[in-house]
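Only one chain is shown below, in structure tokens, and it's the form predicted on its own.
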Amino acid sequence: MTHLIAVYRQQLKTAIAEQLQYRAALVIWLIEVALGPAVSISVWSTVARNEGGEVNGYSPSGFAAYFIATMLVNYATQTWVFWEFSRRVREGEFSPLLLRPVHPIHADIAQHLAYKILMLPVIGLVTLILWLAFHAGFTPSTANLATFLPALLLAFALRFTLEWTLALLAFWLTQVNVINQLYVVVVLFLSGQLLPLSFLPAPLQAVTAWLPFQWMVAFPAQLLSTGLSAQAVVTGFLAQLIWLLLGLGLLSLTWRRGLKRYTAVGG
């Protein structure tokens, strides 16, 4: 454990130095994170006001709180490794990573944490601006707030595990952009980023309950914005843990089989 902590400390230092070299890219990524919620708040708040002040239990301030919460959760859990992995494999960049004494996944975790640490003050400012501009009304209970951080950590672990596993498809396919784009669309609709899941048709809501996506975003976002019942909180944590264990098993299996297929030149 001491060795792994030392590895992460060094990886974080390296990753932060790398991220600072691409400050313009960091700003662009942050705008992407913030722009979607701002548009969603404007649209759904207008709908709520036109419908007499509330839609499906959400007032304009409720919509603001929900979409700000999804922005924060998405910022904390979002990864981009599956966009880069294909290039690593195809151009041989992955080869030197396999020679290191630690699993390559640790470098990717450190890189993502470095980005999130660097952008934390800025995302905090964006949150404050959106909160004041749209008069967000956060109404979680104290118990829900206490469970938000553990739920957020599990959401990050789950999302990173599943998306790193998705990235491993590059061992079998030379072009995975279509699969990645399809995945992004599915996550956008079924994780609660585009609209609250309660707005979906009942059959589709039942389907999302058995999929991992809402537990990556909607579950912690609801804990922060409006709160959930004790039963819903327990169900959410169980779903996160079950999917995380399944994801780790799938990651281990895909990693072992992918390495047997890996061939590359250069690097």
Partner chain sequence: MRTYLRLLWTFFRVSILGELAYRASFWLQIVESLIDLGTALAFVSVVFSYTRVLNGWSADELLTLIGVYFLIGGAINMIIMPGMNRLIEQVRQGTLDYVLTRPEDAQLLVSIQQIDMWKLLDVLLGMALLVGAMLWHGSLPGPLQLLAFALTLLAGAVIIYSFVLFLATLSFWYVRMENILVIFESMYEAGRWPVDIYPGWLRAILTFVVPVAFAVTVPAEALTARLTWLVLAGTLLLAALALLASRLFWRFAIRYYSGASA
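Nothing here was measured: the structure is a model prediction, and the numbers come from that model. Numbering follows the first chain given and starts at 1.
The discussion below concerns the form predicted together with the partner chain, not included here.
Proximity to the partner chain in the predicted bound form holds for all of Glu32, Ala38 and Phe189, with the criterion being a heavy atom within 4.5 Å. The stretch among 117-125, 175-183, 71-79, 154-162 whose residues place heavy atoms within 4.5 Å of the partner chain in the predicted bound form is 175-183. Though the partner chain is absent from this view, in the predicted bound form it lies within 4.5 Å of a heavy atom of just one residue from Thr208, Ser42, Thr235, Ser61, which is Ser42. Contact annotation for Val55: at least one heavy atom lies within 4.5 Å of the partner chain in the predicted bound form. The shortest heavy atom separation between Ile242 and the partner chain in the predicted bound form exceeds 4.5 Å. None of the heavy atoms of Phe138 is located within 4.5 Å of the partner chain in the predicted bound form.
The partner chain in the predicted bound form is not approached by Leu149, whose heavy atoms all lie more than 4.5 angstroms from it. Residues from 184-200 that approach the partner chain in the predicted bound form with a non-hydrogen atom closer than or equal to 4.5 Å are Val185, Leu188, Phe189, Leu194, Leu195, Ser198, Phe199, in the order they occur in the chain.
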